[in-house]
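Consider the single chain below, provided in C-alpha coordinates and representing the form predicted on its own.
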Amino acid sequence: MKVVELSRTPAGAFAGLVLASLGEEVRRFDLGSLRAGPRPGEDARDEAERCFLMQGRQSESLKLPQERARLLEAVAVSDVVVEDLGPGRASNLGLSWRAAQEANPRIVVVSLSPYGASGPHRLWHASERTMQAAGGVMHATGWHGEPPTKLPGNAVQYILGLQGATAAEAAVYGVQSGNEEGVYIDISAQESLLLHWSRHVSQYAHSGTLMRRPLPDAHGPNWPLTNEASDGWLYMLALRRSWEEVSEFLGLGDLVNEETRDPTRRAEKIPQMIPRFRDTVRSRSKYDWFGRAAARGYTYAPIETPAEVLESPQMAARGFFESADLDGEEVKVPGLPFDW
(Lines give C-alpha, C1' and ligand atoms only; values in the text may rest on other atoms or scores of the structure.)
Protein backbone atom coordinates (compact mmCIF):
# COMPACT_ATOMS: atom_id res chain seq x y z
CA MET A 1 0.00 0.00 0.00
CA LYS A 2 1.39 3.44 -0.94
CA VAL A 3 0.62 6.30 1.44
CA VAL A 4 0.99 10.07 1.11
CA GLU A 5 1.30 11.68 4.55
CA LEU A 6 0.64 15.39 4.99
CA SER A 7 1.04 15.99 8.71
CA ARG A 8 1.55 19.10 10.80
CA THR A 9 0.51 17.62 14.17
CA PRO A 10 1.27 14.42 16.11
CA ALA A 11 -2.08 12.96 14.93
CA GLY A 12 -1.15 12.73 11.26
CA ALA A 13 2.45 11.85 12.05
CA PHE A 14 1.36 8.97 14.31
CA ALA A 15 -1.00 7.68 11.62
CA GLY A 16 1.94 7.67 9.21
CA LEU A 17 4.16 5.97 11.77
CA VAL A 18 1.61 3.20 12.40
CA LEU A 19 1.17 2.59 8.66
CA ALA A 20 4.95 2.52 8.13
CA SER A 21 5.32 0.09 11.04
CA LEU A 22 2.79 -2.17 9.32
CA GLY A 23 5.10 -2.32 6.32
CA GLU A 24 3.27 0.19 4.15
CA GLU A 25 5.25 2.52 1.86
CA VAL A 26 4.77 5.96 3.40
CA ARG A 27 5.93 9.08 1.60
CA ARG A 28 5.84 11.98 4.03
CA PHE A 29 5.76 15.55 2.77
CA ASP A 30 7.15 18.02 5.31
CA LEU A 31 5.02 21.14 5.52
CA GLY A 32 7.07 22.75 8.26
CA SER A 33 5.59 21.97 11.68
CA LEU A 34 7.33 18.74 12.68
CA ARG A 35 10.81 19.63 11.44
CA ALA A 36 13.91 18.34 13.22
CA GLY A 37 15.45 20.41 15.99
CA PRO A 38 13.76 22.18 18.91
CA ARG A 39 11.98 25.45 18.22
CA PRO A 40 11.93 28.40 20.66
CA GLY A 41 10.12 27.43 23.84
CA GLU A 42 10.52 23.69 23.28
CA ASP A 43 12.57 21.34 25.42
CA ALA A 44 14.17 17.94 24.98
CA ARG A 45 10.83 16.18 25.45
CA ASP A 46 9.43 17.86 22.34
CA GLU A 47 12.47 16.81 20.31
CA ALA A 48 12.27 13.24 21.66
CA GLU A 49 8.60 13.02 20.66
CA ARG A 50 9.41 14.31 17.19
CA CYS A 51 12.19 11.72 16.88
CA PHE A 52 9.68 9.02 17.81
CA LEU A 53 7.07 10.24 15.34
CA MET A 54 9.49 10.49 12.40
CA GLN A 55 10.60 6.86 12.50
CA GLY A 56 10.32 4.52 9.54
CA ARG A 57 10.08 7.03 6.71
CA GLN A 58 11.92 9.92 5.10
CA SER A 59 10.46 13.41 4.85
CA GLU A 60 10.42 15.47 1.68
CA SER A 61 10.11 19.22 1.92
CA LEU A 62 7.14 20.61 0.04
CA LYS A 63 5.94 24.16 -0.52
CA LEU A 64 2.27 24.55 -1.27
CA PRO A 65 0.60 25.69 -3.39
CA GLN A 66 3.75 26.30 -5.51
CA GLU A 67 4.63 22.59 -5.72
CA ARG A 68 1.06 21.34 -6.06
CA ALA A 69 1.91 19.42 -9.26
CA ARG A 70 4.56 17.32 -7.48
CA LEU A 71 2.08 16.45 -4.74
CA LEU A 72 -0.63 15.44 -7.22
CA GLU A 73 1.89 13.24 -9.04
CA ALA A 74 2.44 11.39 -5.76
CA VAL A 75 -1.32 11.12 -5.22
CA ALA A 76 -1.75 9.64 -8.71
CA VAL A 77 0.44 6.63 -7.87
CA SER A 78 -0.68 6.16 -4.24
CA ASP A 79 -3.55 4.39 -2.51
CA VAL A 80 -4.25 6.76 0.35
CA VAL A 81 -3.61 10.31 1.57
CA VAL A 82 -3.58 10.94 5.33
CA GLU A 83 -3.72 14.63 6.25
CA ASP A 84 -4.26 16.69 9.39
CA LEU A 85 -4.07 20.18 7.87
CA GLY A 86 -7.48 21.20 9.19
CA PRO A 87 -10.86 21.73 7.48
CA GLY A 88 -10.54 23.65 4.22
CA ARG A 89 -6.76 24.00 4.42
CA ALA A 90 -6.00 21.13 2.02
CA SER A 91 -8.32 22.73 -0.54
CA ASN A 92 -6.67 26.13 -0.05
CA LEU A 93 -3.31 24.49 -0.74
CA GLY A 94 -4.57 22.94 -3.96
CA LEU A 95 -5.42 19.46 -2.71
CA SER A 96 -9.20 19.37 -2.57
CA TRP A 97 -11.08 16.07 -2.59
CA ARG A 98 -12.06 16.78 -6.19
CA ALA A 99 -8.42 17.45 -7.19
CA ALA A 100 -7.28 14.26 -5.52
CA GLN A 101 -9.96 12.23 -7.32
CA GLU A 102 -9.06 13.78 -10.66
CA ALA A 103 -5.47 12.71 -10.09
CA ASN A 104 -6.50 9.24 -8.93
CA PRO A 105 -10.19 8.10 -9.01
CA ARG A 106 -9.40 5.23 -6.62
CA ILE A 107 -7.69 7.39 -4.00
CA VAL A 108 -8.63 7.22 -0.31
CA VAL A 109 -8.31 10.50 1.61
CA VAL A 110 -8.33 10.37 5.43
CA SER A 111 -8.70 13.79 7.08
CA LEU A 112 -7.95 14.19 10.79
CA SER A 113 -9.09 17.30 12.67
CA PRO A 114 -10.23 18.37 16.14
CA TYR A 115 -13.94 18.80 15.34
CA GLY A 116 -14.36 17.36 11.85
CA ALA A 117 -14.85 19.00 8.46
CA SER A 118 -18.50 19.99 9.02
CA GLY A 119 -20.59 21.61 11.73
CA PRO A 120 -20.45 25.00 13.44
CA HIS A 121 -17.21 24.19 15.31
CA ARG A 122 -15.22 22.92 12.34
CA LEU A 123 -12.99 26.01 12.15
CA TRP A 124 -12.41 26.39 15.87
CA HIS A 125 -8.76 26.48 16.89
CA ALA A 126 -7.78 23.60 19.15
CA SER A 127 -5.00 22.33 21.37
CA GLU A 128 -4.53 19.07 23.21
CA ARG A 129 -6.17 20.63 26.27
CA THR A 130 -9.20 21.97 24.41
CA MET A 131 -9.72 18.64 22.61
CA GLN A 132 -9.64 16.77 25.92
CA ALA A 133 -12.17 19.24 27.27
CA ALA A 134 -14.50 19.12 24.26
CA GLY A 135 -14.27 15.32 24.08
CA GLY A 136 -15.44 14.91 27.68
CA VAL A 137 -12.22 13.42 29.08
CA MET A 138 -11.62 16.31 31.49
CA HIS A 139 -15.11 15.79 32.91
CA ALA A 140 -13.62 12.88 34.85
CA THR A 141 -10.20 14.24 35.81
CA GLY A 142 -9.20 15.83 39.08
CA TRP A 143 -11.30 16.03 42.24
CA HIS A 144 -14.91 17.05 42.73
CA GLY A 145 -15.19 20.77 43.43
CA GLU A 146 -11.79 21.51 41.90
CA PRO A 147 -10.82 22.41 38.32
CA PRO A 148 -10.51 19.53 35.82
CA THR A 149 -6.96 18.51 34.93
CA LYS A 150 -5.42 17.64 31.57
CA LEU A 151 -4.21 14.11 30.90
CA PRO A 152 -0.44 14.14 30.33
CA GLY A 153 1.12 14.21 26.90
CA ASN A 154 -0.77 14.22 23.61
CA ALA A 155 -3.23 11.41 24.33
CA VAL A 156 -5.94 12.76 22.01
CA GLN A 157 -3.52 13.20 19.12
CA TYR A 158 -2.42 9.57 19.34
CA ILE A 159 -5.98 8.27 19.59
CA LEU A 160 -6.87 10.32 16.51
CA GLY A 161 -3.80 9.07 14.64
CA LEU A 162 -4.56 5.44 15.42
CA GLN A 163 -8.12 5.94 14.21
CA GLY A 164 -6.75 7.42 11.00
CA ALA A 165 -4.36 4.54 10.32
CA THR A 166 -7.11 1.99 10.98
CA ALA A 167 -9.54 3.81 8.67
CA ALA A 168 -6.90 4.04 5.94
CA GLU A 169 -6.22 0.30 6.00
CA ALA A 170 -9.93 -0.57 5.95
CA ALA A 171 -10.80 1.86 3.16
CA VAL A 172 -7.94 0.81 0.89
CA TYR A 173 -8.98 -2.80 1.39
CA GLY A 174 -12.50 -1.79 0.35
CA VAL A 175 -11.21 -0.14 -2.84
CA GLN A 176 -8.84 -2.97 -3.73
CA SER A 177 -11.57 -5.58 -3.20
CA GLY A 178 -13.87 -3.71 -5.58
CA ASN A 179 -16.40 -2.59 -2.96
CA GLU A 180 -15.51 1.11 -3.19
CA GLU A 181 -14.20 3.53 -5.83
CA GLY A 182 -12.49 6.35 -4.03
CA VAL A 183 -13.28 7.22 -0.40
CA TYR A 184 -13.17 10.38 1.71
CA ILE A 185 -13.03 9.79 5.48
CA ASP A 186 -13.49 12.67 7.93
CA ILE A 187 -12.39 11.80 11.50
CA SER A 188 -13.05 14.12 14.44
CA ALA A 189 -10.96 13.96 17.60
CA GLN A 190 -13.96 15.05 19.64
CA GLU A 191 -16.10 12.18 18.31
CA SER A 192 -13.28 9.69 18.82
CA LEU A 193 -13.23 10.60 22.51
CA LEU A 194 -17.00 10.82 22.97
CA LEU A 195 -17.34 7.12 22.15
CA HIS A 196 -15.77 6.43 25.54
CA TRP A 197 -18.68 8.08 27.32
CA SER A 198 -21.31 5.67 25.98
CA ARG A 199 -21.02 3.75 29.26
CA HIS A 200 -22.18 6.81 31.18
CA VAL A 201 -25.19 7.16 28.89
CA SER A 202 -26.21 3.58 29.69
CA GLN A 203 -25.54 4.20 33.39
CA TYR A 204 -27.98 7.11 33.36
CA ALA A 205 -30.55 5.19 31.27
CA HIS A 206 -30.58 2.23 33.66
CA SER A 207 -30.13 3.86 37.05
CA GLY A 208 -30.72 7.60 36.61
CA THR A 209 -27.30 8.32 38.14
CA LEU A 210 -24.62 10.58 36.70
CA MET A 211 -20.87 10.12 36.70
CA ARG A 212 -19.07 12.50 39.08
CA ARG A 213 -15.48 13.09 40.03
CA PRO A 214 -14.44 11.80 43.48
CA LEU A 215 -14.17 13.98 46.54
CA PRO A 216 -10.63 14.44 47.90
CA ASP A 217 -9.89 11.80 50.55
CA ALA A 218 -13.46 10.48 50.37
CA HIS A 219 -13.20 6.69 50.66
CA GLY A 220 -16.78 5.75 51.47
CA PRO A 221 -17.48 2.68 53.57
CA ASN A 222 -14.60 0.59 52.13
CA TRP A 223 -10.82 0.61 51.93
CA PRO A 224 -9.32 3.25 49.59
CA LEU A 225 -8.44 1.95 46.13
CA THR A 226 -5.02 3.53 45.52
CA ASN A 227 -2.39 2.78 48.14
CA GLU A 228 1.35 2.72 48.65
CA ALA A 229 3.06 -0.66 48.82
CA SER A 230 6.65 -1.15 49.99
CA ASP A 231 8.08 -0.33 46.55
CA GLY A 232 5.48 1.85 44.82
CA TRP A 233 1.80 2.46 44.29
CA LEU A 234 -0.91 -0.18 43.94
CA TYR A 235 -4.49 -0.06 42.69
CA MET A 236 -6.67 -2.42 44.74
CA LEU A 237 -10.14 -3.49 43.63
CA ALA A 238 -12.11 -6.63 44.49
CA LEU A 239 -15.39 -6.35 42.62
CA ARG A 240 -18.38 -8.17 44.07
CA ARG A 241 -16.39 -9.39 47.08
CA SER A 242 -17.54 -8.79 50.61
CA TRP A 243 -15.76 -6.40 52.92
CA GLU A 244 -15.22 -9.30 55.33
CA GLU A 245 -13.56 -11.46 52.66
CA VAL A 246 -11.20 -8.70 51.57
CA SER A 247 -10.28 -7.86 55.15
CA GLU A 248 -9.38 -11.50 55.83
CA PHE A 249 -7.25 -11.56 52.66
CA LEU A 250 -5.34 -8.50 53.84
CA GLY A 251 -4.64 -10.08 57.22
CA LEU A 252 -7.00 -7.71 59.01
CA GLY A 253 -9.49 -10.33 60.10
CA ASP A 254 -9.39 -9.07 63.67
CA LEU A 255 -11.18 -5.91 62.47
CA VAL A 256 -14.19 -7.94 61.38
CA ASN A 257 -16.80 -8.09 64.13
CA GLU A 258 -20.51 -7.59 64.66
CA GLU A 259 -20.13 -3.83 64.62
CA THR A 260 -18.14 -3.62 61.36
CA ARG A 261 -20.39 -6.11 59.57
CA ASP A 262 -23.09 -3.46 59.56
CA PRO A 263 -22.38 -1.15 56.56
CA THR A 264 -23.59 2.00 58.26
CA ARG A 265 -21.59 1.48 61.44
CA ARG A 266 -18.57 0.32 59.41
CA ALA A 267 -18.61 3.56 57.43
CA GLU A 268 -18.20 5.41 60.72
CA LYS A 269 -15.26 3.19 61.74
CA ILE A 270 -13.38 3.15 58.41
CA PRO A 271 -11.47 6.44 58.95
CA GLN A 272 -10.12 5.04 62.25
CA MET A 273 -9.03 1.79 60.55
CA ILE A 274 -7.37 3.42 57.54
CA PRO A 275 -3.92 3.85 59.22
CA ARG A 276 -3.81 0.15 60.08
CA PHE A 277 -4.85 -0.70 56.52
CA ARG A 278 -2.17 1.58 55.04
CA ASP A 279 0.55 0.00 57.20
CA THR A 280 -0.56 -3.46 56.08
CA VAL A 281 -0.38 -2.57 52.39
CA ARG A 282 3.09 -1.08 52.91
CA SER A 283 4.30 -4.38 54.39
CA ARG A 284 4.53 -6.08 50.98
CA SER A 285 5.69 -5.16 47.49
CA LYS A 286 3.15 -4.21 44.84
CA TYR A 287 3.87 -7.33 42.77
CA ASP A 288 3.58 -9.53 45.86
CA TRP A 289 0.10 -8.13 46.48
CA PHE A 290 -0.69 -8.37 42.77
CA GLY A 291 0.21 -12.08 42.61
CA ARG A 292 -1.71 -12.95 45.75
CA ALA A 293 -4.76 -10.99 44.61
CA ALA A 294 -4.69 -12.52 41.13
CA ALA A 295 -4.88 -15.98 42.66
CA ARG A 296 -8.11 -14.88 44.39
CA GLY A 297 -9.57 -13.24 41.29
CA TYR A 298 -9.19 -9.69 42.59
CA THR A 299 -8.33 -6.92 40.12
CA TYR A 300 -5.30 -5.45 41.84
CA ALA A 301 -2.80 -3.67 39.59
CA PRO A 302 0.71 -2.33 40.20
CA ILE A 303 0.94 1.34 39.18
CA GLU A 304 4.04 1.49 36.99
CA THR A 305 6.34 4.45 36.50
CA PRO A 306 7.55 5.16 32.95
CA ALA A 307 10.95 3.71 33.88
CA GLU A 308 9.30 0.52 35.15
CA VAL A 309 7.25 0.18 31.97
CA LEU A 310 10.46 0.37 29.93
CA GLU A 311 11.89 -2.57 31.89
CA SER A 312 8.63 -4.52 32.12
CA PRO A 313 8.98 -8.27 31.45
CA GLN A 314 5.48 -8.18 29.95
CA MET A 315 6.52 -5.54 27.41
CA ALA A 316 9.75 -7.44 26.69
CA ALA A 317 7.86 -10.71 26.10
CA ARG A 318 5.59 -8.97 23.58
CA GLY A 319 8.45 -7.12 21.89
CA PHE A 320 6.61 -3.84 22.26
CA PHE A 321 9.59 -1.52 22.52
CA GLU A 322 11.90 -0.86 19.58
CA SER A 323 15.13 1.10 19.25
CA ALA A 324 15.55 4.53 17.71
CA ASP A 325 18.49 6.89 17.37
CA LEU A 326 18.23 10.18 19.26
CA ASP A 327 21.26 12.40 18.74
CA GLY A 328 23.55 9.39 18.44
CA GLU A 329 22.07 7.59 21.45
CA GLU A 330 20.00 4.44 21.10
CA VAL A 331 16.74 4.79 23.02
CA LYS A 332 13.65 2.63 23.49
CA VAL A 333 10.47 3.79 21.77
CA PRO A 334 6.99 2.24 21.61
CA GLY A 335 6.19 0.00 18.68
CA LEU A 336 2.76 -0.87 17.31
CA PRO A 337 -0.02 -0.90 19.95
CA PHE A 338 -1.16 -4.35 18.82
CA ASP A 339 0.25 -7.69 17.67
CA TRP A 340 -0.96 -10.19 15.08
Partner chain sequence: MGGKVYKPLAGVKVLAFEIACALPAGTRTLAELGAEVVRVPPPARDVGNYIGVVDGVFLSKPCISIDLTKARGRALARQLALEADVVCDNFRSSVLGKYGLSPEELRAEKPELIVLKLSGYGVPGPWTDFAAFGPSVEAAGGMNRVMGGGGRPVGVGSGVFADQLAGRYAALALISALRARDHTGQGRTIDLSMVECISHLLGPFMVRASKDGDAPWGDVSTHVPDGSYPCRGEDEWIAITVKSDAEWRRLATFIGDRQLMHRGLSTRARRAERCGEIDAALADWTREQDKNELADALQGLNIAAAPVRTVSDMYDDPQIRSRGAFQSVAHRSPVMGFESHPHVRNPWRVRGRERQRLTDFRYLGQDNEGVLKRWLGLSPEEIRALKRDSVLVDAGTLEVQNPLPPFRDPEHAEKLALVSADDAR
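This is a predicted model, so every value here is computed, not measured. Positions refer to the first chain, counted from 1.
Keep in mind that the form predicted together with its partner chain is missing from the display, and what follows is about it.
- Just one listed stretch, out of 68 to 76, 262 to 270, 242 to 250, 123 to 131, contacts its partner chain in the model of the complex at the 4.5 Å heavy atom level, and that stretch is 123 to 131.
- When contacts are judged by a 4.5 Å heavy atom cut-off, residue 102 does not count as touching its partner chain in the model of the complex.
- In the model of the complex, its partner chain sits within 4.5 Å of a heavy atom belonging to residue 115.
- Contact annotation: residue 194 falls within 4.5 Å of its partner chain in the model of the complex, judged by heavy atom distances.
- The closest heavy atom approach of residue 274 to its partner chain in the model of the complex falls outside 4.5 Å.
- Applying a 4.5 Å heavy atom cutoff to its partner chain in the model of the complex picks out 137, 138, 139, 140, 141, 142, 143, 146, 147, 148, 149, 150, 151, 152, 153, 155, 158, 159 from 137 to 160, in order along the sequence.
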